[in-house]
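Single chain ahead, by itself, as structure tokens, in the form predicted on its own.
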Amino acid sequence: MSTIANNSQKNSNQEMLIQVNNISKIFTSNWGKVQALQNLSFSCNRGEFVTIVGPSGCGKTTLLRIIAGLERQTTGEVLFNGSKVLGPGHDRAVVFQEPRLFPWLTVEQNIAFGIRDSRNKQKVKYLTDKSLDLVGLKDFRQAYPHELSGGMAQRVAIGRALAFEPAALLLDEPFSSLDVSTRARLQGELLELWHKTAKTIILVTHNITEALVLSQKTIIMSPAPGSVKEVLAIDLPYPREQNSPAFQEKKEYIHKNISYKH
């Protein structure tokens, strides 16, 4: 059995970390109101790898932003480690679709940016070095963003998130703009990172195969206004064999339960 498989079994019995309780979200503008989420609930255990899939416009990113504290729900509540989420916090780090690196800073400086004012210099160096090691960029610490490939830039973004020492990583389609081979490589690196750190990971993706390759369970969302259609356990051993009958069966099942194909 692989170390990642061992890690997934160990994490499956951990305590609850994130609770999303009956949340709804209504956006108001000059031209009216739009309900993005409706009565949505699910939970995530500490150390668990969860993916969120659903049709375009169903509110996946809005849901992730609410968990991160970057957006406020209209009704309901989100609990993180038993406390209400009222805003952003270092216990939850977000990685967006685009790396959003500062072009005038090196890889090392980008990773250290968010923690440089809140900790002593030795601690900042320790956390920066640790993050560089985790994302495999020690040899590129003095490089600038324009000198990096798209995959490397996204690894810097993940390293910057890890520098906060968060309990949870929240990822919003971080590999969607990458080519197929780079995406597959970073999926493997993300699994290895999950094994090494035992972080709780919630990943929003439009790619069903990606959800099945990575996660222990998948939240299938309904069309807008988004709600939880089903929480599907991905009870397949790691590494996932994409051509196996069990993998293909789950892939087809998810296809039938959302309104897009990929």
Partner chain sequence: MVKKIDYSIVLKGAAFPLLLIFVWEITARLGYLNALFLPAPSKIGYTFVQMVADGSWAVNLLASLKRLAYGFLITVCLAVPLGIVVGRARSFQHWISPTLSFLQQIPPIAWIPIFILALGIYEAPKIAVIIYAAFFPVFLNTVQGVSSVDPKLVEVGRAYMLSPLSMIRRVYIPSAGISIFVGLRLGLSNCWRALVMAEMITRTTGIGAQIWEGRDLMQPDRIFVAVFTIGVVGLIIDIILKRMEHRFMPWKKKHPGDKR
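It should be emphasised that the depicted structure is a prediction, and the values quoted were computed from it without experimental measurement. Residue numbers count along the first chain shown, from 1.
Another form, the form predicted together with its partner chain, is not on view; read the next lines as being about it.
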TODO: Could you spot which one of V85, L171, V135, A161 gets a heavy atom to within 4.5 Å of its partner chain in the model of the complex?
DONE: A161
- [ ] With heavy atoms only and a cut-off of 4.5 Å, decide whether V34 touches its partner chain in the model of the complex.
- [x] no
Task: its partner chain contact in the model of the complex: Y126, any heavy atom under 4.5 Å - done: no
- [ ] Evaluate G69 for contact with its partner chain in the model of the complex, applying a 4.5 angstroms cut-off between non-hydrogen atoms, and reply yes or no.
- [x] yes
- [ ] Classify R185 as contacting or not contacting its partner chain in the model of the complex by the rule of any non-hydrogen atom within 4.5 angstroms, answering yes or no.
- [x] no
Open item on the list: Given a 4.5 Å cut-off on heavy atoms, tell me which of 77 to 85, 188 to 196, 175 to 183, 109 to 117 is the interface stretch with its partner chain in the model of the complex.
Closed with: 109 to 117
